[in-house]
Structure formats: C-alpha cells, structure tokens
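Here you get one chain, nothing else, as structure tokens; it is the form predicted alone.
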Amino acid sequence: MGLKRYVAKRVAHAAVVIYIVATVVFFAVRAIPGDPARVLLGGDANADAIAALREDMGLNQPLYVQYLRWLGDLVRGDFGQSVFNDQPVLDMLLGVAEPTASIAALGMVIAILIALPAGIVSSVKRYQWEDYVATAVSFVGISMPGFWIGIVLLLVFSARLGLVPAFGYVSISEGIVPWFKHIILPAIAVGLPYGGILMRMTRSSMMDVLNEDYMRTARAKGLSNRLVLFKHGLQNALIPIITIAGILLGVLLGGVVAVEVVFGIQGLGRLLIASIERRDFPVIQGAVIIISFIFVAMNLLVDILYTSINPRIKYGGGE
C-alpha cells in the first residue's frame, strides 16, 4: 500500500474516531448535573427568566434536534458560540492554544533529552551504579505528579532564587527569552513524569535489542561500539519507544492541564476546566474535539515515522 493511499485510509479512520468522540462528548456533557441557563443567571433567577434564556440558547429543543443542529454546524467548521460570553468557540480555543502547545512541545523535548541518553546508558551499564541512578531518577519522575513538581519548582527557582517568573505567560511574538523564562518551569514539570516513563521503555527496549544475534555479529565484524550501539541497536529499539511516546501523549497533555493551574497560565486546560464548571457545552465539546484531533494526528505521525526508522515496514502490513 502506497503512502498516499495509506494516509487517505488513516484520515478516513480518524474522521470516524473524531465523530464518535464528538458524539459521546455531546451527550456526556448534557448528563452533567446543572443547567447552563441557571449557572449563567445565578441561583436567584426566577423560573421565567431561566426558561426564556433556555429558549434563546436552544436548550428547550429535543436533544436529537440540538445534536443534529450542532453536528451540521461542526461539519461546516462552526464550533458554535460560547454559552457564557457568546464568543465563537473556535476563536476562544485558538486564543489559548499557544501556551498549551508551547508547554507540551518543550515538555516533550525535555522528556526525550532526558529519557533517551539515560535509557541507553542504563541498558549498557545494567546493574551498575549508572543504571541504579538512572532508574532512581526515572522512578522519582514517574511517581511525582506534574502539579507537585511544578509547586516545588516554583518555590525553589521563583520564590527563593528569583531566576524565572512565577506566574503567567508571555507570547513568543514578544521575544524568545521572556517566552522561554515563562514556560521553562511548566515544561519541566510536565516533561519529568513523561521522561521517566520513556526512560524505562528505552532501557527495556535497548536491553532486548542488545541481546539479539545481529548485535553480536556486528561486534564480531569489528565495528566500533558506538556504531553498533546507535546504528544497529538504537535504530531497531526506537520502534516500541516511538509507539509508547505517541500513546503517552495523553499523560503529557493531562499534566499540562494541572500545571497551567499551578502557574496561572490561561491555556486550553484552564479553559476546559472553567467551561465544565459553568456548563459551557460548546466550549467543552470543541476542546475535546481539538484534543482528539491531536491524538489522531500523533498516531498517524508515529506510523509514518516507522518506515523512516525501518524501511522494511510496509504501509498497511507487516515487514
């Protein structure tokens, strides 16, 4: 199967997945106790005012009518209007996308920069002090939630040392240095747990590869240890590592939501939490669809990367 045909097939599959997710979210958010009209008007509002607002929002219509109307708008690229402030949902999501994307991207880079070297060293120096140190660091990262790491980083590097700002976000358009200072601590808080899991996966995958016959054959041919380790070892070990990295993207994005609250950053996570609290159905649905799209896109990217690492892998089949 060619690349274009494979990508087209995966895109069609992704569209089905996103449709199912969107449908489940549509009905799930309406099962949450609480009336958006009552939340918006306050607990002291009278029944007539609430009924009038529900009619204005279209919430008095049968659920299937609301669903079909929303689905038709979604197909045209219209995510609807926020119940809370009447702003276009897509504009609200794009307005908070940069902080979340910045933290997630830098957090992933930090995780990979920690996980790959530590995992390789740990596998080569197994049961030696290097292995024990790398394993201990990875377990610390895995066991500590991102928000707790964020609080510790705030107390040490912001409150005590004053090296970086404690709260808020500065757009990258205002300068790389201030942007970096504002997201480095949140990115570390997000990246450490993610990196700990990746490090353990790297170690396990490398240990499996190092025991293969082709590795012993490469050494017997007189190839340098570096060439054997990186060309023959790491290249074959990367397949399961990349797979886990794509799957664990949810761990990283989940960490971003909590870390944004700790650092007072107005990102996608804080918007989603606030929208759930005030029953802003269109924003909740739009945010979940965007997150689902990110997951699907990452899985497609992972599959495409497979052939770059191992050309024997064919699209739509095995090796």
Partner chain sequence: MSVADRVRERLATEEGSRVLGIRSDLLDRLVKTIRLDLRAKIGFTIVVLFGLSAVFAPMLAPHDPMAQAFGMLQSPNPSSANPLGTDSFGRDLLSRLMYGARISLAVGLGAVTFGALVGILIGLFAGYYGGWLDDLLMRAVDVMWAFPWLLIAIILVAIFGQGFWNVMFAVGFAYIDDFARLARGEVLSVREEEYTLAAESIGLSDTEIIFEEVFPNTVAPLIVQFTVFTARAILAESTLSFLGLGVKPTTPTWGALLGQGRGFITQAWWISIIPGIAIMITVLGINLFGDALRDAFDVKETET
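In this text, rigid core is short for the largest set of C-alphas that superpose within 1.5 Å between two forms. Values in this document were obtained by computation on a predicted structure and should not be read as measured data. Positions refer to the first chain, counted from 1.
There is another form of this protein, the form predicted together with the partner chain, and it is not shown here; the text below is about that form.
Remark: none of the three candidate residues (96, 173 and 187) comes within 4.5 Å of the partner chain in the model of the complex, counting heavy atoms only. With the partner chain omitted here, the record of contacts in the model of the complex names 159 to 167 of 159 to 167, 107 to 115, 70 to 78, 88 to 96, defined by a heavy atom within 4.5 Å.
The contact with the partner chain in the model of the complex, taken as any heavy atom within 4.5 Å, belongs to 142 out of 223, 133, 210, 142. Interface membership of residue 201, defined by any non-hydrogen atom within 4.5 Å of the partner chain in the model of the complex, is confirmed.
Residue contact check for residue 151: one or more of its heavy atoms lie within 4.5 Å of the partner chain in the model of the complex. Using a 4.5 angstroms threshold between heavy atoms, residue 65 stays clear of the partner chain in the model of the complex.
Although the partner is absent here, residue 25 sits close enough that one of its heavy atoms falls within 4.5 Å of the partner chain in the model of the complex. Shown here without the partner chain, the chain has 13, 17, 20, 21, 24, 25, 28 in 8 to 29 lying with a heavy atom within 4.5 Å of that partner in the model of the complex. A displacement of less than 2 angstroms separates the C-alpha positions of residue 24 between this form and the one not shown, with the rigid core held in common.
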